[in-house]
Every structure is written in structure tokens, then in C-alpha cells.
Ligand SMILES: Cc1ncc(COP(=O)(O)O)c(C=O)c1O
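To begin, one chain is listed below as C-alpha cells, in the form predicted on its own.
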Amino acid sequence: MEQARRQFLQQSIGSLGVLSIGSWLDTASKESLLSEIRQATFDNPGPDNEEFWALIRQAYTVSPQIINLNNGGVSPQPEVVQRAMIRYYEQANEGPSYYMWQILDQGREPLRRRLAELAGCDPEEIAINRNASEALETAIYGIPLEKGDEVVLCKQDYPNMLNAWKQREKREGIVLKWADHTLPTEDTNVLVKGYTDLFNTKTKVVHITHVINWNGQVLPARAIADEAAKRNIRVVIDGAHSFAHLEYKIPDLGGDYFGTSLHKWLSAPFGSGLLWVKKSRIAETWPLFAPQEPASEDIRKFEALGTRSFPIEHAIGEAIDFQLLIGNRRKEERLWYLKNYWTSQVIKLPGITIGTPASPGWSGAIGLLQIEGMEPSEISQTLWKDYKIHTVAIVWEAIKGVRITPHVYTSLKDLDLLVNAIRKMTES
């Protein structure tokens, strides 16, 4: 029995390394959680092992008064991440200019290495930013373009990114070409063709949202990127909803630029993000905040922010530990399982449509609920008023519904209440 327990623990946290395990054991709450995991007797907990996921839930401090199913907007942090940020914040306040610049600032390089390991890339391609908008707008504004150059994007991309491209259009005279997807779909050829039909000799950039935030549709980013590479078109990938959600390495997507928010699926502190720039593109890309050498080949030129929140940056390391404790693949499978758990039960109810692909690989945790005869706002308000289930109404470019997004701490009991609520709405 004890050997089985040791084997499970090694499988769960073996990839963390000695130093990371040590960091997990420096508070009583972390030690208690690991102690409970050690006592588990299962060999390889899968997506439906509720005993294992109940332990993961205990790592969070989510309110028992509400059911948060809007984790697609921003995710809560495990207690270990919260406590780390508070600890670093208190340390910084003991002598800000000393502790921030001479102590905490020295931790950025180890953090860069850890993020690169998680992302499967070279540390010299990773910049630490505050969110996906900052990271992606660095790429959007930094790519050298001339009047008349064309950029291909789609109407279902995130508004901040669309607005950034529109601003370049107004200021510099670049031309935007719009793909307009009919979603959901599991047809790779249709999705790729939506972009490639717009490619021509003037196309210089294609902007790809890996997971559409409105309904959870996964786009075949690599297939689109490969077609762009054949034409020497730069590829910008918005990974805000795919990083630490789906299992992949950033270079595998075939892009030149990649941006994400770490406070979504990694459960890192609010206001943390990551920019990846392919090494060969760093020198030619203008930084959003001007450093001393804007044409430098050093990825750090994209971090010339000035005073920032060092406590937020440092606590990212604890979020990485927590991600690795669960395991990337195990997490992806659990998130898809949760989405499938509730959608498979309500899809046969009268008037119900799910505006998200059903198959693994085409979706993850995010699901879009549509009820015939009810506006998204009405559905969302009813879920909150009658059941204290927090969701978000979506109305954007032919996508209408309520986005429902569980996370690893979400229990099946929470989703049973959701299913019951939807069933009652269809009966009324």
C-alpha cells in the first residue's frame, strides 16, 4: 500500500524537481495538501476520479455561496499562489527600492526559464507581461508594415486585438481582410480555407485565435500557420484561452508571435501574462514600451515597463508548480470531461443547442448554452437569481448564448445543479 502511495506521488509531482517541491512545503497549507495526496490510493487518477479532483478543489478558496462558471474570464488562484503573492508583497514593502530592484527583480530569470520549460521553448523567446492584450499588442504594433500591406484576421477574434489592428489601419493605411467563421464546426478544411482564401501577395500577417473565447471553439492554428509559412506570412497567435488549458508546446503551433494571460487557465495572479517571439523575429519587432536599444535581439526589450508588480511576477512560479502537480494532459482531459458532463445531459432537452464542438481536440472547458425562445441575458440572469450560478451572456458576430466555463475545482455536484436549472428553464 505504501509503495503504491509513493508511486502515485512520484507520478504526480516528479516533474517539479527538488527545488520546486521544497517551495511547496514551506507553509502548513501546502504541506497538508501534499499529505492528503500521499494518502490517496489510486494509481493514475483520470478525469472521472472524483476523489482526486476533490483534493484539487481543496487547494482553492472559492466561495461556497456561489457557483463560479465564468472561469473563462479570469480564474481564481489556488491558496498557495495567493499566499505567495502576499508574502512577496509584504517583503517588498519592508524597503521597496531595495527589495524590489535588488532582491525580487533577480528572480525574473529563473521564472523565465520555468515558463519556457512549461511552454516548451527557449527562455530567450519568453517575455513576462501583464496580460494577453499587452503581449499581443506588442506584436500587433511591433511588426513592421507599410501602407497597403494586408492583415488577415477573423470577426470572432477578441475585441482588444481587433481594435489594435483597426488603429493601425487608421493610422498607417494597412488593409484588414476579414474571415467570418460559421461556428461551431469540426471541419479543418473549412476553417483553414476561411483564411487562405484571403491570402495574396500583399498579405503580410495572419492573426489566429487558438481558442475562440466566445464559445470555446478550437481553431486548427498549426494548419493555418503552415499555409501562411508557405507564403512568407507572419503568424500572430492569441493563446489567451488555450495556454495551460490544452496540451501543446508553443512552437508546435507554428507561429511567429504568441501571447497569453496567465491569470486565466494557469491560475496565476491577476495581471500576469506571457509573450513569446520567435527568435528570428525579435530584432525586427518594435517594443511597445521603448527600451534603450529597440532593435536589440534580446527578448528583454519587451519588458521595459518600468516599475511593475514584482509580487505578481514571483507568484507565477507557484502557479507553475500547481499546474505541474496536476499535469498538463490530465488537466486538459478533466476540463473537457466537465464540459461534456453537463452538455451531454442537456443536449436532448427541448429547445437546447450547444454552440461548441463536442469532440476532444475541438473544445476544452468552455461550452456555449443556447435555449430557444430565451435571450442570453435572460438565461444568465435566471441562473444567477434562482441558483447563484455565475455565467456570462454572449452576443458577438452571430454567436449568441451563455458561456459556461468550469475549472479544475468545479465539482460534479455544481454541474448537477446547473443541469437541473437548465431542465427547469426548458419546462417553463
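Note that residue numbering follows the sequence shown and begins at 1. Worth saying up front: this structure is predicted, and the values here are computed from it rather than measured.
Beyond what is shown, the protein has a form predicted together with the named molecule; the following relates to that form.
Each of V211, H241 and K264 is positioned with at least one heavy atom within 4.5 Å of the named molecule in the predicted complex. Partner contact region in the predicted complex: 129-137, out of 186-194, 309-317, 129-137, 222-230, criterion any non-hydrogen atom within 4.5 Å of the named molecule.
Residue-level contacts in the predicted complex: of Y341, Y248, Y141, Y158, one residue has a heavy atom within 4.5 Å of the named molecule, and it is Y158.
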